[in-house]
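One protein chain, two forms: both are listed below as structure tokens, the first as structure 1 and the second as structure 2.
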Structure 1
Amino acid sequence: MKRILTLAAAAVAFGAAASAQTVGFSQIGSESGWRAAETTLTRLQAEERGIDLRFSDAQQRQENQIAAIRSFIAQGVDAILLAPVVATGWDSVLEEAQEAEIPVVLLDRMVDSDPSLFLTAVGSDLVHEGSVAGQWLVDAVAGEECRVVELQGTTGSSPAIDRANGFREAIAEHGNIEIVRSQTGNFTRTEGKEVMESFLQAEGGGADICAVYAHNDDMAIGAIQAIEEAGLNPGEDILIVSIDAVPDIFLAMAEGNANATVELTPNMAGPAFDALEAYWADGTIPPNFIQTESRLYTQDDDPMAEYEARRDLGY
């Protein structure tokens, strides 16, 4: 305890001396490439803004996250970023942070606690991502008949449900676009390829398919391979639109095999730091939820440059 106090005192003294803000970041772990990229970008953002970032990897365990937050409070940090591994069980530790007057910003995922216990939450709207993809297809086919096949995410998962609904909302008013087949590819390349092969068989060797909508880029990459092996040109004969914007899909776009992707940005920390800086400056309270931009990338957006920019983020 004494050591922690000394450390905390040292941290406060150091923080004051350098007049830099200290932010603790409790990350879930590194279960996916996307999360690794989120960690990398958070570090980069902190470095750019001269913020002293204390990083803690919880290895997918809530108790590690709670312990990390308590130690951040003991160190007297200026703010805490939290990417919560589960939604429940945060009330008491968030109350402790509130008593210590340390603002908490949630990244990427939500908690079930009262909104007054945290400053704001930064995240993406999954339904909106699906509708951006749908809107792209509506514009791309410009009123022509289009039979779409859909590669869904893992059955029952919230991204699969929300991305399916968003896409359907976007094409609802357009009778020319119709989803003719829909199957799960479990978010993986192998299953994306296997399911696409059967779609091609079932739809006249691919002649009757106008576009593929995949709930993530990996399944789209599998589908592209299946289409190529069936002797068709992905990106031309069959349009490909997917979600996530991982580096490999930009490579496929540069080769003309994929048409569009909607970004689920791993830069959750940027908007979070913006909100925190405004709060530190004059106490501005940000909105309860800050929605990150679901940006659409197409072949016109210099995919090769986007690939180069992303390849080292740890995806």
Structure 2
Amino acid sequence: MKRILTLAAAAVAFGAAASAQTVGFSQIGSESGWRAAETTLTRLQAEERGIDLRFSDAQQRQENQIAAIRSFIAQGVDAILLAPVVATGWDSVLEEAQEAEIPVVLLDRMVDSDPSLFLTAVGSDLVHEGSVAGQWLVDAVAGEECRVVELQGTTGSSPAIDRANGFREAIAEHGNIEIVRSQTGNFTRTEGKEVMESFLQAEGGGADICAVYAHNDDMAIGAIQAIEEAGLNPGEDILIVSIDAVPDIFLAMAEGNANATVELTPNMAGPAFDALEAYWADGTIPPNFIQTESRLYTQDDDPMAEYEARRDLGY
């Protein structure tokens, strides 16, 4: 009830200004192709709707995001989009936005704050994404022993936490599959390669590794490079399953170097702006979470066609 009353009061303040709205967007950074595509599509969505988008690149640092949000509040923006770099530590600045009657919409990641502090969150079910990836591996190995190395996302981020949990839930009852090594690659291609190189050295040059599970495609691409440089065939000698569905992973699948990816659509802004426009118009309160689809793609899904369809989206 408190959330509804607070947001309804804010809606009154914004109701008279339903056009030419100004929205601040605090983006994590550009650590991956998917993140770049999300930024591009957010800008395109704002332009199409006549929204003045004020963009801030946090370079993967929470303190930069908090500073950006406070700057947006000082500017008196009409709403704030936040893709949070980590899940914790947001209460104070979200309370400041609420006191200023500025609605906040989370994009693609969640925070460990009371839902009353943000209007809604748009994203995939991150646990489900990990579960889809895990179930693909269960089916692919068909009961054979499989030692898995895991490239985790940024420590403390909701995708890293939830994608790890979902994968583990999917393989929990399959004793033939074991995660033998797990380390963060910070969602970047460079660190994904570096971590994979250390995994290969620790696991018999790769002979003892059955599969790589990467929390995003960019780390998977880095791992593929490391596997090739080690003289092995990614996609055959070592299975590759990851998340995001960026163009380069489809190219890797078309070349036989990757096996599966779970889609995370980069168009989080469309549903976010839909929710904000309804809210600005008449105070409509959206659901706490607006879920996007998580589709599995494999080598059977014409990966080259998928690559061509995505290559101009800003990845």
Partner chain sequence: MSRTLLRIAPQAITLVVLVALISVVFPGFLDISISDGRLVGPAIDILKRGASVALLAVGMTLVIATRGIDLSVGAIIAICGAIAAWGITNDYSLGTTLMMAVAAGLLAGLWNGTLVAVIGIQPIVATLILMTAGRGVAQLITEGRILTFSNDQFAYLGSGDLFGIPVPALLWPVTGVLFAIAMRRTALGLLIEAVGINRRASALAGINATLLLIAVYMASGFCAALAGIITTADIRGADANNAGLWLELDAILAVVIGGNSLMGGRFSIAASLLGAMIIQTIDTGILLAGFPSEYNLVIKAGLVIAILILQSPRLGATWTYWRYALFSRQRGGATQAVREGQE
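The term rigid core refers to the maximal set of C-alpha atoms that superpose within 1.5 Å between the two forms. All residue numbers here follow the sequence of structure 1, with the first residue given the number 1. As the structure is a computational prediction, the values presented were derived from the model and not from experiment.
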Is the form predicted alone structure 1 or structure 2? 2
Residue 150: after superposing the rigid core, is there a C-alpha shift of 2 Å or more between the two structures? no
Can we say the CA of residue 78 moves by at least 2 Å between the two structures when the core is superposed? yes
So, does residue 291 move by 2 Å or more at the CA between the two structures, with the core held fixed? yes
Report, in Å with one decimal, the C-alpha displacement of residue 123 between the two structures after core superposition. 3.1
